[in-house]
Ligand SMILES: C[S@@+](CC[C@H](N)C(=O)[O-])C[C@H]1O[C@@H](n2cnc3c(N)ncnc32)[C@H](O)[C@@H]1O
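Presented as structure tokens, the chain that follows is alone, the form predicted alone.
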Amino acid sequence: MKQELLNKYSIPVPRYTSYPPANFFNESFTADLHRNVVVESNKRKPEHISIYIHIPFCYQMCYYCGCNSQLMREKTAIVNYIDALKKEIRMVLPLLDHSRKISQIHYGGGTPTSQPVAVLKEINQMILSEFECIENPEIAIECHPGYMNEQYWLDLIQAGFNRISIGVQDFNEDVLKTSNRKASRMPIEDIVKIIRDNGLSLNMDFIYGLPLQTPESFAETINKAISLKPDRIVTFSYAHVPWVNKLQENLEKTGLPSVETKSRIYETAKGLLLDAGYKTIGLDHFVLSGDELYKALESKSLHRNFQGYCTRRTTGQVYAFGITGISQLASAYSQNTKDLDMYIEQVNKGNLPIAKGYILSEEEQVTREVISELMCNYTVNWEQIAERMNIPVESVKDALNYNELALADFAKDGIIEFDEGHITVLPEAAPFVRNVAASLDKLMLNSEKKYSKSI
């Protein structure tokens, strides 16, 4: 990337994992509203059900983490949380049309694998006993390999999971120590063999932009990952937001890579992955050519929800459980309280533990569709969006901050091509897709909300 483009476009913009971003959620959204939009969601698309389970507990706190997580509590508090989690699930499942099918179940955190496998298996069975699944649903869990022995991996497989995401972050132990991250308990090769021998899909997650990382050191990590040939490799860009998580200030003591170095780290990793036969998906995913995600990208039908990149086949409206869980429904978002004790108290009283949310206007639903299409497939065809939303093309553009002068500036810089019928982000400019999306977003006009930088 040219230095002048990095300087111009490495600015704070939303990540657009949702639209609107979560910092637009407001506390006027009540538990009663949540109940209403859950019931209303039965009549909306997508029809499938996607479930998210949040386990917040961690054995130690990684300094880079932006998730809602906390240190392990005493056993009683953890048991009380899991009991409340199951009660919340039992409150919501009756509100759903049981002719709908499960397409995804995803466990995140925190560290979901901080819990006994028996707990995870019980929650899976509770959900799966109520609904049928689509063919080949995705039952996935994020795993911290620092604390998992061979028996845990084997038991996890027996609990019904068919996709394992290993949070490696980096194979360089100096990088991990600086970030307060424990390295894998078992040799990674042994873990991969267990997963492969049992026929599960395998993701490996990495973070770039951490202290001590260089293009050369991260290349060693990526080359090791390539040698293990996981189905998907994810290279998350570290988002430095110490105003959200003060622990991140610890990383400033060692020092973070410059924007230029961070860009070279990513470009080096990307080059190695492409040379090894992996295909680029979105901003940070790389998959093998036979992967369902790549086939969706080729047909310009890649999609994403709060569970991550998916296909139109596997996507669903997301129903989230546990503290800070965000439900992503057709017309609204709703988020649970982040306070663990309040969560337990509210659920035990029979109340849905909603803290805030957001009702999308019709215009914002159109904007969400456009930005999702751009972030996933790097192109927007106005007629296709209009047909999908059942509105005129003019109404699609009216919903946006559609500014041809701004688009022309992107085009001059080699970021996009556009005409009256489409916008396409050029392959070499993919890291700037967030900037293009933000330029179309009316909510970004005069916004004073804080975001991480695009690079």
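Throughout, we count residues from 1 along the sequence that is shown. In this text, all values refer to a predicted model and were calculated from it rather than measured experimentally.
The following text describes the form predicted in complex with the named molecule, which does not appear among the structures shown.
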item: The named molecule: the contacting residue among 358, 153, 206, 343 in the model of the complex [heavy atom, 4.5 Å]; value: 206
item: 65, 400, 38, 386 - the one with a heavy atom within 4.5 Å of the named molecule in the model of the complex; value: 65
item: Residue 232, heavy atom within 4.5 angstroms of the named molecule in the model of the complex; value: no
item: Non-hydrogen atom contact residue 169 with the named molecule in the model of the complex at 4.5 angstroms; value: yes
item: Contact label in the model of the complex: residue 238 to the named molecule, heavy atom within 4.5 Å; value: yes
item: Residue contact check: residue 316 to the named molecule in the model of the complex, 4.5 Å heavy atom; value: no
item: Partner-proximal stretch of 263-271, 206-214, 346-354, 359-367 relative to the named molecule in the model of the complex, 4.5 angstroms, heavy atom; value: 206-214
item: Contact test, all of 110, 144 and 248, partner the named molecule in the model of the complex, heavy atom 4.5 Å; value: yes
